[in-house]
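For reference, the chain that follows is the form predicted on its own, supplied as structure tokens.
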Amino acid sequence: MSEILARAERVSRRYGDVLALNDVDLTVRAGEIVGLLGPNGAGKSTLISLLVGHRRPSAGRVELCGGDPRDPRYRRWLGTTPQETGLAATLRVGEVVDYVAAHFDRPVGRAELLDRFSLSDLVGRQTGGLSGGQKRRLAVALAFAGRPRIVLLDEPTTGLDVAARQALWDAIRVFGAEGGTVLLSSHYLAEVEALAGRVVVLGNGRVLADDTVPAIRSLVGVSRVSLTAAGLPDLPGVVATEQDEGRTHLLTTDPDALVRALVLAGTPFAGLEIRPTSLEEAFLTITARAGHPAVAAAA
């Protein structure tokens, strides 16, 4: 078995009367890219803050690279980018990279790091003059400056356009291919599906699922039925319904029974498609079964 680089054991965290995490277990081993999914308030950012040592658990134990994440001896192997980052507005991009790199014994060279994250053309720009997306790319790049063993990323591509997001995905893939370890919290479910080998779903402060993407799809046992119809009767096994450009998309636990019910009801329809769920649809179904209120609004 690979070495464990991040671990939470029966971890709970309270903020006053609010229980943000409730008896959570999580293990991240060397060489894994693990996706952390969940709606707002699920506990994703709280869990990451515990693993990087910014907060202490109310109960349970957390480890980073075999020790206490609040101990600098273990944090030196960590790279991280929180949701909110502050960059000195008057420093140039190259100066920021040099400043961060100076804290490490064996940093990535400035040119290599900027090239990997498609930032080379910004090396002489002051960070105060960067766009929000450019600042975000720089903040993520800095997480990799010290050649970390494990990187914890909290919503790393928020505010990025498609091209910038793809560039970050490519950089994360390269890091993973070189044996790096990543715990990635994201609202972009396609992002986790594209990058992660394993997915952990949080809801109401608890782990609802922890497995591969195909296994989570299999776990929920839901198919997506798409069709065009003027109106639909009550149908069996439907857990969510969505309208999109004149088509109706139904998530159902029994697509065969749904189609039979359509035919028996004499409902006219066209363009019938049945396929397995995406990770997003699986996520909605898992959180719906756990009674998370965010799902009702999303569905």
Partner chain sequence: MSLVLTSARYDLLETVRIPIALVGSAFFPAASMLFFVVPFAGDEPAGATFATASMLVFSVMVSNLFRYGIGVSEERAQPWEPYTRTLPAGPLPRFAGRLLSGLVIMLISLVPVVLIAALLTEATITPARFALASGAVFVTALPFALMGFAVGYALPSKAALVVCQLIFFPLAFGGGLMSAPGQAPGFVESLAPFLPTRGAAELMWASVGDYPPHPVALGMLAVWTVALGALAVWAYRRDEGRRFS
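We call the rigid core the largest set of C-alpha positions that still match within 1.5 Å between the two forms. What you are looking at is a predicted structure, and each value in this text was computed from that prediction instead of being measured. Numbering follows the first chain given and starts at 1.
One more form of this protein, predicted together with the partner chain, exists but is not displayed; see below.
- The partner chain is not shown here, but in the model of the complex it comes within 4.5 Å of a heavy atom of residue 52.
- At least one heavy atom of residue 80 is located within 4.5 Å of the partner chain in the model of the complex.
- The partner chain is not drawn, but in the model of the complex it has no heavy atom within 4.5 Å of residue 210.
- By the criterion of a heavy atom within 4.5 Å, residue 106 is excluded from the residues contacting the partner chain in the model of the complex.
- With the partner omitted from this view, the residue of 161, 170, 98, 112 that lies near the partner chain in the model of the complex is 98 [heavy atom within 4.5 Å].
- Put simply, of 126, 166, 226, 131 only one has a heavy atom within 4.5 Å of the partner chain in the model of the complex, and it is 126.
- Listed stretches are 37-45, 250-258, 55-63, 231-239; the contact stretch with the partner chain in the model of the complex is 55-63, by a heavy atom cutoff of 4.5 Å.
- Although the partner is absent from the chain shown here, 72, 88 and 102 each have a heavy atom within 4.5 Å of the partner chain in the model of the complex.
- Once both forms are overlaid on the rigid core, the distance between the two CA positions of residue 92 between the shown form and the other one is 2 angstroms or more.
- Superposition of the core reveals a Cα shift of less than 2 Å for residue 212 between the shown form and the other one.
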